[in-house]
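Encoded as structure tokens, the following chain is the form predicted alone, with no partner shown.
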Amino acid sequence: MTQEKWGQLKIGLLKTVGQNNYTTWIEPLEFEHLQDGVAVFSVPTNFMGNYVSQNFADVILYELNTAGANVQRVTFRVSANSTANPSPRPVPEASKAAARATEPTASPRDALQAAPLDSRFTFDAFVVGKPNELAHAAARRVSEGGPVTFNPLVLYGGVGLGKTHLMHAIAWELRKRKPELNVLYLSAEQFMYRFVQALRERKMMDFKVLFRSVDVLMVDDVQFIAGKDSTQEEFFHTFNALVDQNKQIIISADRAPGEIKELEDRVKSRLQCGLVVDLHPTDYELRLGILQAKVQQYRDAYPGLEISNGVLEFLAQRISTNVRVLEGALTRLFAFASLVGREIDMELTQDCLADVLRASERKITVEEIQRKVSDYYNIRLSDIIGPKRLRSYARPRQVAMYLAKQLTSRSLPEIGRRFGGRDHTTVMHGVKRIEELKVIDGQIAEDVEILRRALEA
């Protein structure tokens, strides 16, 4: 094996790996010698050697053996000229500029500073209920750091439903279980900022190498890059490169990938090819569980405070917007009670949280629900309210009754009066029927969820 032979083989590698990969990773390699079946190449940096070994060693080995060389493996080492030669030979300025443009200047762990993780956001602190149990189970599976079973994992849902909590929990668990993994968590805004910075400083190769070298990439609030074409394109290529290397990708968004406006179709398609999990709006039981867990945490900070029966249930019923508002209300309540030295009873709760309770009052009306349901099922509003019992009218009517019970503060008799003067027992039957169908009929469950989202938007 000679330098001339290696020069000929590089032409074949150019066709195999493509121009960009060839220029960045193959062209800088210098063949040193072949001994005992081991082909030794010199590289400018340790990082380049590691990257080429992981991604192109098999291709190089195949080309060498195809050319007649008896090679069992290839190895890469930093050349002496790159490290400790006190009298390096002069290098043309053009070559120096090319080297600066292509060689990474730091290892991925040094150069990639992840966004800080909140120590409160762990799996132990995450309260699990029906609306989030699937998302929690998927997050747990990914955090084990085993073989990549679904890629990417996409968590989506409204504000304050636990997406960021689960993202942080995954990162904490991976760092504990697999400390050797290079786990990068950042927001989509930070991804865009680093991309723009790399463009401005002409360090795009550094950017590409660093982001493609992670073992687990976690991007929060991916909807932020919608409408930003250049950032989307780079995200798309980064995504593909990591999937090709069987590296785990975890994404969060405020809505399903297909519903994010101005997100390119190819990006939507990539995001939808893995496991897409919805964090549903919290129900009463989950909100109550979250409050009870928070009260246990506050016991240490406020050991002498007492909380009356019914207060947590009242808050869980009245504050249904999102978990952050709910937790903030409880924090304010404990702080206020400790300052005035009073027990947390219903009177203090209503006085202290008057503004929060007013803002959280449900503003959805029964009439609005009826209109939304009739539009969704493509029937007339009069058919929902009227006396017809055809199944094509009765089922949408029951869905509307169910949503009216869930999303308004109206009593059953009041709801019945708005549905053509029906008895409250009819409303009760309709609500119970939809609850049963949601369990066994996926279409009904989906219809109810879509309508709920539309009404709460």
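As the structure is a prediction and not an experimental result, all values here were calculated from the model. Just count from 1 along the sequence shown to find any residue number.
This next part talks about the form predicted together with a small molecule, which is not shown.
Visitor: Which pick from Phe236, Phe224, Trp172, Phe126 sits with a heavy atom within 4.5 Å of the small molecule in the model of the complex?
Guide: None of the others qualify; the residue that does is Phe126.
Visitor: Heavy atom within 4.5 Å of the small molecule in the model of the complex: which of Arg141, Arg324, Arg380, Arg342?
Guide: Residue within 4.5 Å of the partner: Arg324.
Visitor: Does at least one non-hydrogen atom of Lys208 fall within 4.5 angstroms of the small molecule in the model of the complex?
Guide: Judged by the heavy-atom cut-off of 4.5 Å, Lys208 is well away from the small molecule in the model of the complex.
Visitor: If you check in the model of the complex, is Thr164 within 4.5 Å of the small molecule, heavy atoms only?
Guide: Thr164 belongs to the contact set for the small molecule.
Visitor: Answer with yes or no whether Gly160 is in contact with the small molecule in the model of the complex, where contact means some heavy atom within 4.5 Å.
Guide: Within the cut-off, so yes.
Visitor: Examine Gln248 and determine whether its closest non-hydrogen atom to the small molecule in the model of the complex is within 4.5 angstroms.
Guide: Because no heavy atom of Gln248 falls inside 4.5 Å of the small molecule in the model of the complex, the answer is no.
Visitor: Based on heavy atom distances of 4.5 Å or less, which listed stretch (365-373, 333-341, 289-297, 146-154) is in contact with the small molecule in the model of the complex?
Guide: Among the candidates, contact is made by 289-297.
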